[in-house]
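Next up is one chain by itself, shown in structure tokens, the form predicted alone.
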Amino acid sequence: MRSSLHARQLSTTLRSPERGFRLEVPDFAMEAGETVGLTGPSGTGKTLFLELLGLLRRPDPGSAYVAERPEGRLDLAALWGKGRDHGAATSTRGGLFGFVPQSGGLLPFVTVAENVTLGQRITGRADPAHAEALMERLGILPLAGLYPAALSIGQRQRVAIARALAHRPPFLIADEPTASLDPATAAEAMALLVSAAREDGAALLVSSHDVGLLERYPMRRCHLALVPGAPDLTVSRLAMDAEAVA
């Protein structure tokens, strides 16, 4: 059985004294081995959507969100429980997800090799051989003993990709991973991200403003757009394409 995520009527609402913002996900599904591209204008909540799927954001009551794994179904929406306690979501997050943030998000005071194996140590999935193989595949093995400050932006993103995959998560989430890169480096980083996820058998959800870059790869696409809401509430809703884009 392949791992998959499925959300129905999933939402999260942010409130301030002046106005609220609600992200609505009527239906979203993703399974191991596929790539899904996320687009949408600024202000539509792309990062919020990735945080919601990655168990970094509490869903609204009544949301349905499950993960199917070979060992069984996991109700992700229920992990948050009642009140502010989110320990179950935190403990589950590392086993399911790998994250590639826009800036790389590397720890500056540890080496490349130590950054790559961070997820392995946190999740108790130590596998030095796999970490080394990832670094070699991504061309950063010669940089293993360096610190992030000594790397180019493109090299840092390669390290971030290796770190996200090192603990073998079934799902990989990348938030604008090429936004800080020049066009040539962005194309190279996206190619590495897509191929590395595919070779590891991980599902990849990647957001980007660069629609042309996403169109170079076979993937399903989803997009966020603002829809009419109450006077004091901005609503953004996800729409998902039915077919993969070749």
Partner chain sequence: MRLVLALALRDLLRERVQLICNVSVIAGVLVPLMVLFGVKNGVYDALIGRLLSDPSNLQIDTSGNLAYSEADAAEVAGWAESGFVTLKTRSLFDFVNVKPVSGGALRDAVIAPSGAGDPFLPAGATLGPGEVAVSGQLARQIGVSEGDEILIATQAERPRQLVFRLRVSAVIPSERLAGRSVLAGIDKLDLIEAFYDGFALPDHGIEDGRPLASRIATYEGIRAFARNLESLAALQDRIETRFGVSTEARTRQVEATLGLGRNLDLALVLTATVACIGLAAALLFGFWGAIQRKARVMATLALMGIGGPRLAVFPIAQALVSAAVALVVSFGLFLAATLAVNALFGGGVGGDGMVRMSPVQVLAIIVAVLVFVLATSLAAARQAQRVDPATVLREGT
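Model, not experiment: these values are computed from the prediction. Positions refer to the first chain, counted from 1.
From this point on, the text means the form predicted together with the partner chain, which you will not see here.
Participant: In the model of the complex, which of the listed residues (A150, A126, L107, A78) lies with a heavy atom within 4.5 Å of the partner chain?
Facilitator: Only one listed residue qualifies here, and that residue is L107.
Participant: Identify, from the list A32, L192, L56, A186, the residue with a heavy atom within 4.5 Å of the partner chain in the model of the complex.
Facilitator: The residue in contact is L56.
Participant: I'd like to know if Q155 sits close to the partner chain in the model of the complex, meaning any non-hydrogen atom pair within 4.5 angstroms.
Facilitator: So Q155 does not count as contacting the partner chain.
Participant: Taking the partner chain as it sits in the model of the complex, is G119 near enough to touch it, meaning that at least one heavy atom pair lies within 4.5 angstroms?
Facilitator: G119: yes, in contact with the partner chain in the model of the complex.
Participant: Against the partner chain in the model of the complex, would R93 count as a contact residue? Criterion: heavy atoms within 4.5 Å.
Facilitator: It does: once the partner chain is placed as it appears in the model of the complex, R93 has a heavy atom within 4.5 Å of it.
Participant: Answer for E68 alone: is it within 4.5 Å of the partner chain in the model of the complex, judged on heavy atom distances?
Facilitator: Outside the cut-off, so no.
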